[in-house]
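Quick heads-up: it's one chain on its own, the form predicted alone, in structure tokens.
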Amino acid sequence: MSKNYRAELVGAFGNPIDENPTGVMEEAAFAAKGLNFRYLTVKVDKEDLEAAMNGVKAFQMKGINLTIPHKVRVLEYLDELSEAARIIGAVNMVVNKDGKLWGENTDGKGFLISLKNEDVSVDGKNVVILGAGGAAKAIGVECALAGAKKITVVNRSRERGQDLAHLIAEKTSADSQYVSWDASYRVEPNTDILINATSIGLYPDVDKKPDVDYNTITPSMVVSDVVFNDPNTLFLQEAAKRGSHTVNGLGMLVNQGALNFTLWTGTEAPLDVMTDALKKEFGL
């Protein structure tokens, strides 16, 4: 058998992207599985996205991650979408299937797996989401598709909050409502799962936390944060003080990366290796 010097290529397109750590865990996973894959972290400006996506096909790449500002606009260059990606209206990863580009959004799926790993189910639960951006949208839709009873969207921008609540009500079987976030948010006592889907608390702003009346958080609630660096956020620390079961954002990051790995390679992802690689990278 002749030697093969060509590596299979995947990666990420975005701008800014210099501080995106995804390649660290994906490269560690490829090495652990003995796969000749390379993960390229590529700066792509908004106006160059079409050329970049043509490059995915021209270079016969296995797929690509999309981050800011490409998650929505990339849809016009894709051939197929998953059900969740179609509802969310955004993708964070693409698989090249013999020249046909298929888009998926693994952010929300990664979040659900991180809950499942903590023996937490959203089925029949009242879920409150702080924020209405891309992460909130992916998580809200996936929670609804997984059987959540009600999704409450808490957001400062009325238009974005109402849009997300309306999308969930229209496209899924879950009830939904928008709550204005113009003062310290008081968590309703019937809340089962409270999620910070904003970037508040992300490095370097580790001394910040969402404007919540933390005394309204109770031990019966599960409290989760999408922030992964540092994963031990002030938000989760406050919830833990009230006896809540807390779930940090590192699991969501690793799990969505693991889903991407498997979709690209057809191989089960080495979760422990990916988690350790990120912990080492973040100095945890």
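Because the structure is predicted, anything quoted here is derived from the model rather than measured. From 1 onward, residues are counted along the sequence shown.
Heads up, the form predicted together with a small molecule isn't pictured, but that's what we're talking about next.
The three residues 198, 227 and 252 all sit with a heavy atom within 4.5 Å of the small molecule in the model of the complex. A residue is said to contact a partner when one of its heavy atoms sits within 4.5 Å of a partner heavy atom; residue 132 meets this definition for the small molecule in the model of the complex. Among heavy atoms of residue 86, none comes within 4.5 Å of the small molecule in the model of the complex.
Within 4.5 Å of some heavy atom of the small molecule in the model of the complex lies at least one heavy atom of residue 181. In the model of the complex, at least one heavy atom of residue 202 sits within 4.5 Å of the small molecule. Though the small molecule is absent from this view, in the model of the complex it lies within 4.5 Å of a heavy atom of just one residue from 155, 176, 172, 96, which is 155. This chain appears without its partner; in the model of the complex, the one residue of 166, 116, 160, 73 with a heavy atom within 4.5 Å of the small molecule is 160. The stretch from 119-127, 183-191, 134-142, 96-104 that comes within 4.5 Å of the small molecule in the model of the complex, counting heavy atoms only, is 134-142.
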